[in-house]
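Only one chain is included here, represented as structure tokens and corresponding to the form predicted alone.
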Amino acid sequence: MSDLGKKLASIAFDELGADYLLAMREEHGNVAPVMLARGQDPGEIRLDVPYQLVNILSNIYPWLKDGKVAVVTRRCDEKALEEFFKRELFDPRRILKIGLACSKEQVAKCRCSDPVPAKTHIGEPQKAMEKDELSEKLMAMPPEERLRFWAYQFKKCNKCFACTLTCPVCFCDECILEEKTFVPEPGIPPGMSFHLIRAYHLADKCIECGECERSCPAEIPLLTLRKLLAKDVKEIFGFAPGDRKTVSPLLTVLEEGCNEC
């Protein structure tokens, strides 16, 4: 058992009282998620791989009928879990968070404006990135030029669905992007509606983890698109994903007899 593995196991089982630990482990030269029970050897734990463990948790959670799971969580993972809690997809009493502070390099790569977990168990908190250069460059463009930029980017899309498969908050049972009523365009690349519908669908839950952009084989700057939309939602509605105390503006319903309708 490595020193890091010992530390992680101690936090999960002794400090937090978990029954299971979900983390990343290197074995036979490969790094993959691992689910450990109390007393099992964690082995060579890896914390430098920005893999969204919430994706793995969402797949195994329905099979875990009891017990508490400790999950290694960066700040974006914490936000993703809150979105699951709000929709009652996870029981918050059964999910225990081991806060992992991202490195300076990771914060820079994600252009992260909120990198520090609520409680840091491992790592040193880093300063947030104050700006996303591409976002600022785009917002300085005239609308027509900005539209041409995104039209060019979207033409590179091969509709591989990597952005949806790796997204920790794409938890719908049926993907709206596979519904022909809303996305009727055949062939590759898909029409612009494919990207605009996904952008709108994530407006109230994207936690800016950057997984979509990292997994995109066409290198479309999807994280920048998400950041721009999140900025508008924050400024217009005062809402930010990952906050359990606020209600999504996309989920609110006008009261009957509203005089403002």
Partner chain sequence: MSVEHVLTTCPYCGTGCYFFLQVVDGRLVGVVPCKTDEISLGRLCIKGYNAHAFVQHPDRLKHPMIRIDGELKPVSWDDALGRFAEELRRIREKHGPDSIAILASAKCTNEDNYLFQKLARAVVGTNNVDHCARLCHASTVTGLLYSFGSGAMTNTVPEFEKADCILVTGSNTLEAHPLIGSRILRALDRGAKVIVIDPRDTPLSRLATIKLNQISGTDIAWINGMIKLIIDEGLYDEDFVNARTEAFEELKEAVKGYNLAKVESITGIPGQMLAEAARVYAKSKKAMVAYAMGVTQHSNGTDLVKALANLSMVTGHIGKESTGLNPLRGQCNVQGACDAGGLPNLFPGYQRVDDKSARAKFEAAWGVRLPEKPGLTLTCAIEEAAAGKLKAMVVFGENVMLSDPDLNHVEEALKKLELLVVADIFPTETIKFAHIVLPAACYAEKDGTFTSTDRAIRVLRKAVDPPGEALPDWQIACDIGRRLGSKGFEFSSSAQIMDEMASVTPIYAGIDHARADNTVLRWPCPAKDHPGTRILHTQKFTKGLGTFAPVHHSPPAEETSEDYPLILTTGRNLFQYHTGTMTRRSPKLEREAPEPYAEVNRADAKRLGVSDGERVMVSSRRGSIALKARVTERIIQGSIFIPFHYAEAAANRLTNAALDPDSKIPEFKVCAVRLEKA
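Residue numbers count along the first chain shown, from 1. Keep in mind it's a predicted model, so treat the numbers as computed, not measured.
Just so it is clear, the following notes concern the form predicted in complex with the partner chain, a form of the same protein that is not shown.
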Want to guess which of 153 to 161, 101 to 109, 77 to 85, 119 to 127 is within 4.5 Å of the partner chain in the model of the complex, heavy atoms only? 153 to 161
How about C216: is it within 4.5 Å of the partner chain in the model of the complex, going by heavy atoms? yes
Non-hydrogen atom contact D91 with the partner chain in the model of the complex at 4.5 angstroms: no
Taking 4.5 angstroms as the cut-off for heavy atoms, does L47 touch the partner chain in the model of the complex? no
In the model of the complex, does L165 come within 4.5 Å of the partner chain, counting heavy atoms only? yes
Is any part of 8 to 31 within 4.5 angstroms of the partner chain in the model of the complex by a non-hydrogen atom, and which residues would that be? Y20, E27, H28, G29, N30, V31
